[in-house]
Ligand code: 5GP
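Take a look at this single chain, the form predicted alone, given in structure tokens.
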């Protein structure tokens, strides 16, 4: 994100800081469907801080999260809505304070949407995606930030909770930043990001171990699925500077797919010379989940919003389709000629 084009909404955090100074509050942190490292790292950092403040805290996720993130401190307190709906709803509806972390539209939390709107709790949004569209009491939104984890650390400092940060909390925040920047390969050109990382290192985190736990901790099935995807399901369209990978349900079943196994696959076509736009299509039970990535100034969030019910960042976006996997991929291919000139004049 160009710093000069940043969209910043930073309301006074003093009211929520005052609430958090009174122990015994019920605090719920909601994260988006298909949570990634930033969503989990941000929410678990908040959870651990609030526990140290003497509050009853929980993290609520619409569905399960990747197995390679289950080492993170506090994961045993994550409530999975799909598995424990009564507990999730009870935690949300009884909360005094609700934090929405790493999303800014309620469509991203599926069945938690209605309960969030119904709740009378004090609501706080912390997020770095453009175009926030939620009714909250306090909004901390900055599109120039590398990640929500970076903003959570800023929130912790501005609300006087910095003295409670420990190695576990710093590890969660570092993991959030590391994963949302592709190990600092994108969305990490701002000075504040590196200042945040430097301060987190001061808490004694082992960055090499965090990398190992996150990126060298995959299952054999996941690696074989990746190999199959690259060999059998990747298509490259050099005339449109585009590459895609797609998986049908049968592919996922064959390789014993688990939540998170396709995380990062969308980036592989971008490693090919001349490819500036990539897409990953994964067939789910009732829809096709799509991830988009780009280099330079080709805005995939606009593309996703226009054609695939999505949104996100300019260079990293998601979407969905309710057509079959074959029809979804076909539709995507049919759109490419309209963007030939834009993609070909695009510079990395």
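In this text the structure is predicted, and so the values were computed from the model without any measurement. Numbering follows the first chain given and starts at 1.
Another form exists, predicted in complex with this ligand; not displayed. Remarks below refer to it.
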As a check of understanding, the residue in 222, 123, 108, 276 with any heavy atom within 4.5 Å of this ligand in the predicted complex should be identified as 108
Only hit among 294, 57, 291, 61 for heavy atom within 4.5 Å of this ligand in the predicted complex is 291
Given 45 to 53, 312 to 320, 63 to 71, 22 to 30, the stretch touching this ligand in the predicted complex at heavy atoms within 4.5 Å is 312 to 320
Residue contact check: residue 141 to this ligand in the predicted complex, 4.5 Å heavy atom: no
Please tell me whether any heavy atom belonging to residue 104 falls inside 4.5 Å of a heavy atom of this ligand, as the geometry stands in the predicted complex.
yes
